[in-house]
Every structure is written in structure tokens, then in C-alpha cells.
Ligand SMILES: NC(=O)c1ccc[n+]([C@@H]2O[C@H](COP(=O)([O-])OP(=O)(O)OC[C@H]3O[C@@H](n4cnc5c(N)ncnc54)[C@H](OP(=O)(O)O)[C@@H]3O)[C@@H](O)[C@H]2O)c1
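Single chain ahead, by itself, as C-alpha cells, in the form predicted alone.
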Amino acid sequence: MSAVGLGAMPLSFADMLDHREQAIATIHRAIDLGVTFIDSANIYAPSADTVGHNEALVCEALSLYFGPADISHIVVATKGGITRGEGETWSRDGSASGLKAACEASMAALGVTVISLYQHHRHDPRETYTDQMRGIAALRDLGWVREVGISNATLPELEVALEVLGGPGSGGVVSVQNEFSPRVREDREVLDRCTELGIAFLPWSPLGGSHHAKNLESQFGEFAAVAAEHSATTQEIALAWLLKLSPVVIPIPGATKPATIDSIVHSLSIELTDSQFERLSATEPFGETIYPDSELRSPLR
């Protein structure tokens, strides 16, 4: 996988519906610049009745770019376990049958018979985490998914996932996708465990979310100062900082314009000094996870 990925979710925001060509051009620019990892999910859609929109968009973009050529070097990740219903009601379904149905629908939307990376999206409080991981294992055993991962997971949940699924190199957990950014750093212990085991850590909203990404300069003056030292943007410095945190970190910033891809990839060329890295790491985070759900914790076993 490339050192940075593309978070495709913003391409399915409602305000992008009239800009499909721009959305596809954004994915194409990412491929042009060597990005080989695209992150999607079944629920990334402008409405409840268009679930699978983002997966289908990614499928279309790849088909237009590669035609019938082999695209096995492009890793497209998707997720299951969150549901959307009539009236924009959101829920969870981590049951074995629910995950199987979601995975089957995702394969159809992506136009594949095997999903590169399938991630458990969020815990379902009606199911034990152990049983949810068994549901993911069943998809792997069916041959529907090549690799498996988890998302929005605590350290105890990661340990359960490793117990049920195994670790990297044994057909087990190869990725953890949690929120992590200059604004939110709650899951450092999860990152440390991933570093220890060689599991890819995929920070979602690595710039703090769409609203905060635009305001990094005012919210994190030290990041802006280091950006000036490198003649870079504050957003590029934030990505460079994440990349220096650990060799397993693969940020997946969202983008809706090809020019944003250029900026994302430029962050790879920024080499922070140890002093700069320490200055950035010493800044205080001020946010909580965008989707707190501590009240929905499921039993582990």
C-alpha cells in the first residue's frame, strides 16, 4: 500500500452529487500520483436509500481508469456493521448474518468477487465483540475478503480481534482504522500496539474533520509555524507529523478536488526534524472523537 491513502467518503457528500466527474477525476489524480489505497464503506452515501453509493463510485472510477487491466495493486477497503434506515436512522448490525449481507452487497457495489480489505466498522451493542469478530472470520473463510481489519476499536477490542482472527501474517488483523489527528489523540495506546505488531494504523479524519482541517492554522499555531519553516501548508505538516509517529501509520485524508491530492502527496516529501516533531507532539489536543459512543460499548465476550 502507498504511504498515504485516499478517504473517499467526502466524494459521496450530498453537495458532490452534481460533481461526479470531479469526484472521479479526484480518484484518478490519486492513482496518477501513486496512491494505491482507497478507503470506502457501504454507508458512505448521500442518503439512506443510496447505501453503496461510494463503493459504486470508486468502482466506476477504477473501471474508467484501468479498463480491463489488472488492478490487484490497488487496495480498496470497505466496511460493514453500521446501518442506515428510513428517515435517516442510524443503527448497528454486527451479527454474522448482518455482516454477511453487508459484505455481499459491498462486493456487488465494488464490482468484485473478493474485497481487498474488509473492516468491521463499529461495535454493535447487541452482540459481544467476540461474536462480531467471528462474523468477520466467517467472511474471510468464505473467501469473500482477502484481508480483515477493525475500525473505531479500543485496545481491549483489538486484543479480542487478535484472539479470534489472529494477527498479521496469519490471515488475521492487518489494519485498525481509528480517528487520530492533531485534534484527537485518544487512541495512542492502540497505535502503540499496532506499531508493536506491525498492524497498519489508518487515521481517519487525520486533519481533524472537514471543519477543523480548514482552521488548523488558528487552532494549532505550532503546526502553522513549522509549515512556514518548510514553505508548506499546515495540513501538509499535519500529515507529515502523523507519518513520523510510526512506520505503520497510513493517513487517509479525504479529498474532493484533484488539487487536494497534490497537496496530500506533497506531504510525503516533507522531512520533519526531530526538534520539529517534538514541538508538534507537545501541542495539546483539544477535541473528542467525532462520534463518541461510550454508552454503546458492547460486551467483549
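Not measured: the values here are computed from a predicted model. A residue's number is simply how far along the shown sequence it sits, counting from 1.
What follows is about the form predicted in complex with this ligand, which we do not show.
Check: Can you pick the one in I250, V35, A255, L57 that has a heavy atom within 4.5 Å of this ligand in the predicted bound form?
Finding: Checking each option against this ligand in the predicted bound form, the one that comes within 4.5 Å is A255.
Check: Is there any non-hydrogen atom of Y129 lying within 4.5 Å of this ligand in the predicted bound form?
Finding: No, Y129 stays farther than 4.5 Å from this ligand in the predicted bound form.
Next item on the list: Determine whether any heavy atom of P285 comes within 4.5 Å of a heavy atom of this ligand in the predicted bound form, and answer yes or no.
Entry: Result no; P285 lies far from this ligand in the predicted bound form.
Next item on the list: Mark A96 yes when one of its heavy atoms lies within 4.5 Å of a heavy atom of this ligand in the predicted bound form, and no otherwise.
Entry: Close contact is absent here: in the predicted bound form, A96 is far from this ligand, nothing within 4.5 Å, heavy atoms only.
Notebook entry, point to check: Is Q177 a contact residue for this ligand in the predicted bound form, using a 4.5 Å heavy atom cut-off?
Noted result: It does: once this ligand is placed as it appears in the predicted bound form, Q177 has a heavy atom within 4.5 Å of it.
Next item on the list: Have a look at 105 to 113, 166 to 174, 150 to 158, 184 to 192 and name the one stretch with heavy atoms inside 4.5 Å of this ligand in the predicted bound form.
Entry: Heavy-atom contact with the partner occurs in 150 to 158.
Next item on the list: Go through 1 to 22 residue by residue and record those having a heavy atom within 4.5 Å of this ligand in the predicted bound form; state none if no residue qualifies.
Entry: The stretch touches the partner through G7, A8, M9, P10.
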